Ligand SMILES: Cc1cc2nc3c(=O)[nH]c(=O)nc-3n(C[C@H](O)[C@H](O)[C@H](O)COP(=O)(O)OP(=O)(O)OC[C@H]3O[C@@H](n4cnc5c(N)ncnc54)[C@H](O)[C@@H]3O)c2cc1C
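The form predicted alone is given below as one chain in structure tokens.
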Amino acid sequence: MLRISSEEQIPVTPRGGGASFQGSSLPVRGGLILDLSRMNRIIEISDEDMVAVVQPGVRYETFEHELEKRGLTFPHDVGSHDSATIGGMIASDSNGHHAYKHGRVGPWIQGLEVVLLDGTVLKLGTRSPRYNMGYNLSALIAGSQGTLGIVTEAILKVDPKMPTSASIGAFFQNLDDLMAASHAIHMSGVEAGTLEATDGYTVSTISDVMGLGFPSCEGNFVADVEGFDEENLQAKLSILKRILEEHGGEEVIIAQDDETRKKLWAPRLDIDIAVMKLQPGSREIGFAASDPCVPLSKMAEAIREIGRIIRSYDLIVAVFCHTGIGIIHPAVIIDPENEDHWVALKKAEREVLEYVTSIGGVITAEHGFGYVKNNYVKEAVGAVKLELDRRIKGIFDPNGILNPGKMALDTEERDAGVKYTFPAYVSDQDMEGR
């Protein structure tokens, strides 16, 4: 199919779970959608080799559930874990909530099977824990967003699952204190799985809607921690509690049961639902400033400033972040039938990205360029890097039919020649002069 599509120049857009927050799996040039969701076999889980062999359509939740039965884990829980597929996570080189401890998905890939456009099956890597054989093409495929080839099988590293775990959180009247506490935890030697924060607007909104009784604050902090046994876990929690309180953390909550954990994580995971209840008809919109990353020393400033910029355009935004790795997620909620909201969103987007760049940050650290960031790619990476990316794309896909219109590989526009879901949408071309 790929060979014929290439010969006939029919666009092919691979699709996994379809979250497509940055438009990376939208068929913007028409053609064929290659739905990989039915390639959903867990071929093997090897306790001895500490690997799993899976097809791309395996959902993350299904995979993790099967691993847990064996005391194992693939610790890359992403926000869309209920729909995310392994193929999509590889294509995006996902971070996930536990990226502070475990990093990106890419380094956990030990091998890949990739079908190229001419039908050739490319075998990369091995079940062996290490290899160093020429260019690391597995790392190139990870994060390529389906523009180079189709992943049909993956050999993934897995880890033992720690027997005990808990979440711990606190509320801060000052984001600088919150970030100082996060850094102190990092320096303490206690290996937390996550270091997360949300801003005061998010906390108060979710608390009011869900009746959680959270205090007024400028931000709240949540960390996950695991232990070898209960004694080890409690020792770690004791250290984290002390650090939080020494840095001004109030009403420290330790959660070991599911109900308390769900409450503690609500500002981070349920805010979009809460806001949409307050604003019927509204929805969270994927936009180009959804996942910037800034130096850790600039985190408190950036959380405040990104929120200020977006709210200055009379838009609703909840700001949350991975404090240990510098990634900030402003979740913007708009009425998609309101033209003024689209205009405001695009103005805020540009201003946020200019600010992020000015303080030494990058415009994407998690979702990738996809389609939504096309018009910002050259500014972000420079003309030399973009040209090299395009040459690499040309080697794998000389006719440009694999997931076209993405990552600025064949266009630096994001609105030209596409149909819009919402009639009120304002294109980049229509923004000129506004």
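Source: prediction; values computed, not measured. Residue numbers here begin at 1 and follow the sequence given.
Omitted from view is the form predicted together with this ligand, to which the following refers.
Of the candidates Val151, Val222, Val332, Met299, Val151 is the one whose heavy atoms come within 4.5 Å of this ligand in the predicted complex; the others do not. Listed residues Ser290, Asn95, Thr198, Thr323 were compared with this ligand in the predicted complex; Asn95 is the one with a heavy atom within 4.5 Å.
Proximity to this ligand in the predicted complex, taken as heavy atoms within 4.5 Å, picks out 85-93 from the listed stretches 85-93, 132-140, 201-209, 159-167. In the predicted complex, this ligand sits within 4.5 Å of a heavy atom belonging to Gly146. This ligand is not drawn, but in the predicted complex it has a heavy atom within 4.5 Å of Pro56. For Val426, no non-hydrogen atom is located within 4.5 Å of this ligand in the predicted complex, even though that partner is not displayed. This ligand in the predicted complex is not approached by Pro11, whose heavy atoms all lie more than 4.5 angstroms from it. Along 17-53, a non-hydrogen atom within 4.5 Å of this ligand in the predicted complex is carried by Gly17, Gly18, Ala19, Ser20, Phe21, Ser24, Ser25, Leu36, in order along the sequence.
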